[in-house]
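For reference, the chain that follows is the form predicted on its own, supplied as structure tokens.
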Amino acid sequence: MTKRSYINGLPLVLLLSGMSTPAFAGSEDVVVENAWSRASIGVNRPGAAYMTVRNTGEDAVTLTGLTTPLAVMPEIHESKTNADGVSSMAPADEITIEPGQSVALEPGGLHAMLMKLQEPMTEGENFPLTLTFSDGGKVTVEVPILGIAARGPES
């Protein structure tokens, strides 16, 4: 079963209450699918979350940041392996997702790095992760925590 989270209904609430609707440049068209993470061993090592972020709209959207109560420093990181087989990881810049395209946050590539965990990531639990976009829009997804050796949501 595909898990999806859509941007909250704030524009509809504001419209129905007679207030003006904020001008989103496309983040309302972002769909987050198949979010998952692995259980952690305590809080001394960072955790990670993975998902597919899909832009169903007609305008590009730019992912600029993450927030979660689970970690003090959530960031998008990218793992790379050079021609000599040496792997490295570093914070990624903003991620632009073109119309009709998606970006996979997955092991070995782009991923949500959850540094300075506030509590252990326990198998069977969930945590909220909010993606922030350059237009001010936010999308929150509930991320299930799988086993420590999980390789994806179907494993």
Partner chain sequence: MQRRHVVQYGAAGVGAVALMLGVGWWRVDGPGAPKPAGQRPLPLSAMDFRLTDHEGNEVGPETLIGRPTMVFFGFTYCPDVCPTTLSDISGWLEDLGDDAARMNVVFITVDPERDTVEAMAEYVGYFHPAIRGWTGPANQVARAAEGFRASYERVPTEGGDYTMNHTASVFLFDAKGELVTMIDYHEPREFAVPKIRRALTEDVEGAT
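Numbering follows the first chain given and starts at 1. Worth saying up front: this structure is predicted, and the values here are computed from it rather than measured.
From this point on, the text means the form predicted together with its partner chain, which you will not see here.
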In the model of the complex, V31 touching its partner chain (heavy atom, 4.5 Å): no
Its partner chain contact at G57 in the model of the complex, heavy atom, 4.5 Å: no
Contact of S88 with its partner chain in the model of the complex (heavy atom, 4.5 Å): yes
4.5 angstroms heavy atom contact with its partner chain in the model of the complex for P107: yes
Q101, N44, N126, T96 - the one with a heavy atom within 4.5 Å of its partner chain in the model of the complex: N44
Interface residue in the model of the complex among L70, M51, L63, M113, criterion: non-hydrogen atom within 4.5 angstroms of its partner chain: M113
Output flag, A35, E119 and T130 jointly within 4.5 Å of its partner chain in the model of the complex, heavy atom basis: no
Sequence-ordered list of residues in 66-85 near its partner chain in the model of the complex, where near means a heavy atom within 4.5 Å: M73, E75, S79, K80, T81, N82, A83, D84, G85
